[in-house]
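Shown next as structure tokens: one chain only, the form predicted alone.
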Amino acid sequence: MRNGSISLKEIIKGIKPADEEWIEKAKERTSQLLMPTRALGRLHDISEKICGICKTLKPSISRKAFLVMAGDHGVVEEGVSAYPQEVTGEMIKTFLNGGAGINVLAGLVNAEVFVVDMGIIPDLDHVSLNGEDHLYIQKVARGTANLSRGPAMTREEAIKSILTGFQLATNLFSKGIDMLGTGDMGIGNTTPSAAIGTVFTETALEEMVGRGTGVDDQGLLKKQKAIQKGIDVNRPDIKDGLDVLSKIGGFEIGGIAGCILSGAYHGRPVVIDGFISTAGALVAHSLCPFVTDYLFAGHCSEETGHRSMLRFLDLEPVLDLGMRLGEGSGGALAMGIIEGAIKIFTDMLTFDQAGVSNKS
């Protein structure tokens, strides 16, 4: 396990595709399970992908955790959110108190929830907070700049956000976490996420930009206008993921990209959540396309452009329930499905073991 001195270039160089040989071995075992051929559908695809990631026919994801990345956004001043910016810090306190949606759903799959201040505006007082041992203060800056008027952050800050996410995820893997989920919190963060999605997928703005926290028609128009202005003013380079992140992104999006790179680097599965997490995946993919070999899309968000993002990454969501909460909530539910897929693969008898005649 490397320490924090590793560079982004070294990380990218160290990521290899998932092992196809182990995937083929897994498919062979699947063909012997006591059922009609691939009768459990996509559960088999999931378990076989896990085998390719972990390089074993006896994978385990008994230890799971979420990193919920939080950041504030200067573009909020353009009227793109239905909620005030103060909610970001208030929700972090709720996460630490165990009362948010992600806490409830992560509890179903025995996953720990860690919260990261990647760049919220207020300072959080460790002494006054419950669960402060599950809070990491890694503030890159006090919120991003307004992306509609210039770059959201410097290139150096973009790199710092990615490396921070990478190191936090790496630390969890070194402590025995088998599977990592990504979550987010940040009022206004569907705006940079939609901007990133528009640029990378080259999807029309009207098809990518949704209502986020529930803005009205006027708010939606403001949001679309802010994103278009940000793209026009900053001219992000689609071939340079760091350029895109720095000009129209967010600190928590960079942190999520770092988590994804860490999973790929260390050969661990990562479950991304919805729209914001997938924006982070787009950034990570632009830096190293192999990362999708290690990714599971927890769900398809109700947010307008999420399906286009997933299609671009060639990721099929585990769930599609019309959710748009964020926080990692869809990823937590999906972990239960993934765990079920693995249990079928490892614990179900084969025809030979059960003494049942297979098809001729």
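Fair warning: this is a prediction, and the values are worked out from it, not measured in the lab. Residue numbers here begin at 1 and follow the sequence given.
There is another form of the same protein, the form predicted in complex with another copy of the chain; it is not shown, and what comes next is about it.
Of the stretches 246 to 254, 133 to 141, 75 to 83, 274 to 282, only 75 to 83 has residues with a heavy atom within 4.5 Å of another copy of the chain in the predicted complex. Shown here without its partner, the chain carries 42, 101 and 318, all of which come within 4.5 Å of another copy of the chain in the predicted complex through at least one heavy atom. With the partner omitted here, the residue from 205, 87, 220, 145 that has a non-hydrogen atom within 4.5 angstroms of another copy of the chain in the predicted complex is 87.
For the residues 300, 313, 54, 333, the 4.5 Å heavy atom test against another copy of the chain in the predicted complex is passed only by 333. Mapping the unseen interface onto this chain, residue 344 counts among the residues with a heavy atom inside 4.5 Å of another copy of the chain in the predicted complex. Although the partner is absent from this view, residue 354 contacts another copy of the chain in the predicted complex, with a non-hydrogen atom inside 4.5 angstroms.
In the predicted complex, at least one heavy atom of residue 38 sits within 4.5 Å of a heavy atom of another copy of the chain. In the predicted complex, at least one heavy atom of residue 348 sits within 4.5 Å of another copy of the chain.
Along 176 to 213, a non-hydrogen atom within 4.5 Å of another copy of the chain in the predicted complex is carried only by 213.
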